[in-house]
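Heads up, the chain shows up twice below as structure tokens, two forms, tagged structure 1 and structure 2.
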Structure 1
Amino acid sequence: MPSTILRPLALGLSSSLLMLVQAAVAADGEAIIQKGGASPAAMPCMSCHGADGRGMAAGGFPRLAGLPEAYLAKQLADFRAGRRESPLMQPIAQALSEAEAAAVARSYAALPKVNVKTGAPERPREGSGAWLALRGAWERNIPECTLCHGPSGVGVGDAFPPLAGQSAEYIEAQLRAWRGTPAQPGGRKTKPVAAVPPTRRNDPNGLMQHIAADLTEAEIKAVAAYFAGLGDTTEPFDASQHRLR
């Protein structure tokens, strides 16, 4: 741990230099992942996001390892600002200082990215999760997911996160968070149910929201299962290779 190495060393240093060293330690992304931030409310990330940063499917805790730095930093800012609601993550994001948020985003981005084996074009069956992922539903203005989330869902650039490497639980939860649920009028024997407004409202230019809103519950389940099933190969990412549509 850097902190245990640095502390005895720092004893002999002047006080101003000591403060500098402490500031650097405080914004050490690795340390935040394992031990939490300076505020006790900023709990160690690995307790939910996993020791290797690959998330935990059962809790709906997403993979953070290898996600783009700018995307991670944006999500932390969105949790803080309430554009993305989560009873678990919002207090944690709010407890991180700006420097801590930046450092932890950098550390997670530096971990291995998800990789999916390349192969021949898939032949998806109409109505399946693979169909939505690879063909979309253009009659509803839904492009294939892989057109924005990259071939095999490995992500594109800073703004389009990978879907491969995420669990079905997490993908489903995010699609529902964007969609919300419409109000149900009361019947003779049923009480009316109030609408739940979307709890995730942070997609740039509304690129994602209308897609989630137009998916049926069955489609959400199917497409989430498709991406969750892509796995994560140990093969290194070969940038010279084409990934076919």
Structure 2
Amino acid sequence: MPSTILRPLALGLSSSLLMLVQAAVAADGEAIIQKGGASPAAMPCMSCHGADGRGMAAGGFPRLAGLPEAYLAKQLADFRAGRRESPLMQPIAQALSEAEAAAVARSYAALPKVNVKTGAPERPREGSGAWLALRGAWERNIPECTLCHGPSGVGVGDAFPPLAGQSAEYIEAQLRAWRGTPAQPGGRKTKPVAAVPPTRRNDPNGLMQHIAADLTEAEIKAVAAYFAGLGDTTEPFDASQHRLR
């Protein structure tokens, strides 16, 4: 066979082989979670999110295990693009290649989902975290959290992630990130404090920014504590909880 034909054929085979090798490496999301990505700046995910992917409540690091793959991939893309700000996560997301980010999302999505406490919920006390979660505050145009995040907060589809199983610290922090910090007028002995804009702007149609802005600090703490108390339970896993995902 003429060398002029063999040369492009060999180049084609080399390119295909290289792509296969790259795909194999990139597909190893578990290795990235445990050891980090190809870039030194892409630190091991488990350092903050735990060896089991259930997060570290004390540090405010969220549970990633069992979250929808498309949701996780979007969050990494949003960190990379600055739609979701974090001095810790933005450099890591930017250091991951697109293939590595996809592999990490796929690996975390394959881990066990949250197992929520079963049984009929007690009648919520008006104004409590449970009341906001289950009934909302429609007089202020705040829908119940479960309307979007599903029964018991187990999540719906790829856009509305589980709230059950996340720590109160993390849920509180995200609500404040969507809300930002309102300006504080100065007093006789204090200086005025300028408003801080939201650091998270990646919710569908700005829905969470509106809700968070209308919640009081006490309500943020109450609703976060409610969802944090729902999972994980030691009861047998109930896969039917996740029928909407």
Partner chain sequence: MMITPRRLGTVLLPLFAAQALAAEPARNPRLDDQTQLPKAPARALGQNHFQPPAEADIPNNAYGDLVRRGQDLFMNTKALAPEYVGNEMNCVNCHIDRGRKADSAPLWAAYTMYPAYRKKNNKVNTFVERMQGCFQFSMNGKAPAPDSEVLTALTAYAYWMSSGVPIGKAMPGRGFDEPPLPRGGYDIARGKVVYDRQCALCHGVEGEGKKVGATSVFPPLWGKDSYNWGAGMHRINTAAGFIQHNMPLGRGKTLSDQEAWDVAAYVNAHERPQDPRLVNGDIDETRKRYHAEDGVNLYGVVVDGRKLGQGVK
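Residue 1 is the first residue of structure 1, and the numbers go on in sequence order from there. Computed from a prediction, not measured in an experiment: that's the story for all the values here. We call the rigid core whatever largest set of C-alpha positions still superposes within 1.5 Å between the two forms.
Of these two, which one is the form predicted in complex with its partner chain?
Of the two, structure 1 is the form predicted in complex with its partner chain.
Flag for Gly229, CA shift 2 Å or larger between the two structures after aligning core
No; Gly229 is a residue whose C-alpha shifts by less than 2 Å between the two structures when the cores are overlaid.
Taking the rigid core as the frame of reference, how far in Å is the Cα of Ala239 displaced between the two structures?
Ala239 is displaced by 5.3 Å at its C-alpha.
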